[in-house]
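The data below hold one chain only, encoded as structure tokens and taken in the form predicted alone.
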């Protein structure tokens, strides 16, 4: 739920961003049955703020004026949208266009247009490849990213100065040595790490990607790969060397690692725009830097996105394509991003907002971000297993066993 990405709001449960909502008993439509051109389309969108409805209302008005096709618009709050959409699907009251944080179940049930079938070439060219392909199910794109988020290294320059440090760490070895140096200061924590069941995959994924690991390799789950095990061992080592808070396995994110950083206790943590907003209000000194990587690995961050998708209904393809082209036009889309305070996914909006401090560091990180395989079967089970067990690796369990067990969940039928 990308409501957690809005920069004026704290990130409350990013795990939910990646969670999939399964819906059963869904009828399918044939890609061959185009039918007569539709005279109206139904658009269902998630509500990010009080500005969401006015934005879509204006797009709908402009679209109808341009094409003559009417728009039935429904904007639904995040607390209710999954259940309401599930009911729409089960009762065959499908929307034409849907904005949501999950799409794979609808793709699995053959309900969605492949993204290339509803994208104009201009829209497709305006989406960076890493974001565009993040909406894939079994190698085929179905979800078109609407908004994004990523994580970065937050560090406190005042605490760094106390520890005799000047610059943020440029390598993982430096991150460890800097964290150890800070932890020798009275009452200070070098690196605030969050591996509790709240959202442990965020911190783990960030270290995993930057140590050359990944969730999948050659189209197959690879959670217990050598690189991934090394990443979890690295986090266990940070904990055992007392470079982190006392028990990262029971430390949450928003009211855990972020709170430690906001209080001026921790010198480093993994954060997002929501943390920056908190720090601006509290006056805690901070700077943002790219996350350091292992030798030979390109620094990256964990990316997250919400998506636009279109259900296959006779006669709606051309209207949907025109509607999305208008919604994603640089003029309209950039206004949407600025109003909502979310991160842009199009190259045009990224270029327009890159120089603004509120967006710049996160846009730059988003360009090279890697995404969890949210479109893969069993991702919801994998996410649940990670929430239940990643923290055990810093509480005494063998990291290899922890990841072997998650791999078993990933490959189960």
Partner chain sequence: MGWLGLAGWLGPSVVLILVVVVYPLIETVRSSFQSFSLTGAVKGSAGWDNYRTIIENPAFPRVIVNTVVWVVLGVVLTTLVSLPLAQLMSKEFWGNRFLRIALIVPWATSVVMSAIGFRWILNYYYGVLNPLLMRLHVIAAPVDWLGSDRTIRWVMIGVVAFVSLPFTCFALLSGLRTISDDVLEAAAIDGAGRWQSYRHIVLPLLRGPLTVTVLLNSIWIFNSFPIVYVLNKSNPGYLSDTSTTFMYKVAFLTERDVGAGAAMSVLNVIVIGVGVALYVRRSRME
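What you are looking at is a predicted structure, and each value in this text was computed from that prediction instead of being measured. Residue numbers count along the first chain shown, from 1.
The same protein also exists as the form predicted together with its partner chain; that form is not shown, yet it is the one meant from here on.
Mapping the unseen interface onto this chain, residue 197 counts among the residues with a heavy atom inside 4.5 Å of its partner chain in the predicted bound form. Taking the partner from elsewhere, residue 143 is found to have every heavy atom lying beyond 4.5 Å of its partner chain in the predicted bound form.
Though the partner is left out of this view, residue 109 does reach within 4.5 Å of its partner chain in the predicted bound form, counting heavy atoms only. Among heavy atoms of residue 280, none comes within 4.5 Å of its partner chain in the predicted bound form.
Of the candidate stretches 341 to 349, 382 to 390, 365 to 373, 59 to 67, only 382 to 390 has residues whose heavy atoms lie within 4.5 Å of its partner chain in the predicted bound form. With the partner removed from view, the residue among 321, 250, 313, 236 that has a non-hydrogen atom within 4.5 Å of its partner chain in the predicted bound form turns out to be 250. This chain lacks the partner; the member of 275, 208, 260, 175 within 4.5 angstroms of its partner chain in the predicted bound form by a non-hydrogen atom is 260. Residues from 116 to 138 do not approach its partner chain in the predicted bound form: none has a non-hydrogen atom within 4.5 Å of it.
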